[in-house]
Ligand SMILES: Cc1cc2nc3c(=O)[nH]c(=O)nc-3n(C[C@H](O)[C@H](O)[C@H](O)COP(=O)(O)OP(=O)(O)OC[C@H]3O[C@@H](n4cnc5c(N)ncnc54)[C@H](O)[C@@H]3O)c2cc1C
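In structure tokens, one chain follows: the form predicted on its own.
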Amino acid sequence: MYVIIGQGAAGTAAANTLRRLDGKKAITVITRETDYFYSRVDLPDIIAGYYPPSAAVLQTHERFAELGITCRMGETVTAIMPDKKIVRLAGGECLEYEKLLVATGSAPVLPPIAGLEAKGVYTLWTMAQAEAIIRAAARARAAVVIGAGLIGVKTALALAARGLTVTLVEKLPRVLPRQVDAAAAEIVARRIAEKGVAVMTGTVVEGIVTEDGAITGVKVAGQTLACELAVVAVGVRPDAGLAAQAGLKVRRGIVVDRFLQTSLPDIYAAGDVAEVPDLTGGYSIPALWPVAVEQGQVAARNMAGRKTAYTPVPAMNAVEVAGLPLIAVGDVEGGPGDDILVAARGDNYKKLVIRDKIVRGVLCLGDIRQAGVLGGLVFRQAEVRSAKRLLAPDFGFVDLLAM
């Protein structure tokens, strides 16, 4: 039997691929969640009320059943026993496996802030958490979002769209610190403020103020921001504790080779929990939805005996934030000795990072018309001869082919 722990992008892609490759062998997917496979990136829009939770469902119970995939919903794996090829569930039941995929994804990070256990303080990573935030928002007048990464920014905007007074607090000097550079962050912060969200960067949260066990405010910079709701969105980390307990090699994530095989036989890892070989010759955790899907498919092929290597790709984000489309590919910061090209006008911003005559990073905010072509240069690792031409308004696919 194939056993998959996790029903996110990697786990579901692996289950579907295994069924396509092997029409007979049993496939069991085990997940702590009670909601079938859905788009996690849509949770803030569900909170905003733009569409119902059902619209985010990507694969239903009926579809899993049609494929002959058994889903153990609301179940927790408490141990992996590689020597016996068994996984143990919280209720004591043990399942044997021939091949095992660990696709447990990531879990929200909780910073060392006093009071996070108070009623009204949430993280946002699951559909159940989104629904809880919606219920809390209906009773709240003000909210504080702690962390201005993608999840934090989009959650703050979602709560503002519901009519709450919202403050977004980030300890680093800018919003979206992992996705954009300082100049682009200024544009995004201005647009966030125009949407009615107060933005406080370079600000450390000192604690949660409570009364009778419920949040009444957040202490920052010597003041208290009154609120009935707070969302902690300071980041996530690979959910690799189960693998570490089982003796698999774990650093930040579960270390795998280019076939997504872990350090122990017949156990694979894919998605946000996997630390994979990257383009630099080192290891990284891409933590991107399309990459998780591809890794799930590659892991499944190897589990089914179809040896397939995973091909690493540059980091990429393609999102919309505060009404601004954003595409970032590769290294958008740059470093000493890099050639940096920038074209900025109003809320439109483009940046290229060129190192050793090769485009290493592309950032397009607002005007993204050439983002696909420019991003293709990062993927191709092609040497460029006329760098300034890259930001010309008419640069296009024909120019790309000529490089």
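Numbering starts at 1 and follows the sequence shown. Here the structure is a predicted model, which means the values were calculated and not measured.
The form predicted in complex with this ligand exists for this protein as well; it is not shown, and the discussion that follows is about that form.
By the 4.5 Å heavy atom rule, the three marked residues Gly8, Ile30 and Leu288 all count as contacting this ligand in the model of the complex.
Only one segment in the set 180-188, 148-156, 203-211, 91-99 has residues whose heavy atoms sit within 4.5 Å of this ligand in the model of the complex; it is 148-156.
This chain appears without its partner; in the model of the complex, the one residue of Ala309, Ala221, Val319, Ala193 with a heavy atom within 4.5 Å of this ligand is Val319. Proximity to this ligand in the model of the complex, taken as a non-hydrogen atom within 4.5 angstroms, holds for one residue of Ile254, Ala103, Ala299, Ala143, which is Ala103.
Of the heavy atoms in Ala292, some are within 4.5 Å of this ligand in the model of the complex.
Within 4.5 Å of any heavy atom of this ligand in the model of the complex lies no heavy atom of Val121. Taking non-hydrogen atoms only, Thr76 approaches this ligand to within 4.5 angstroms in the model of the complex. In the model of the complex, Ala344 stays away from this ligand, with no heavy atom inside 4.5 Å. Residues Asp239, Leu242 of 226-258 are found to place at least one heavy atom within 4.5 Å of this ligand in the model of the complex.
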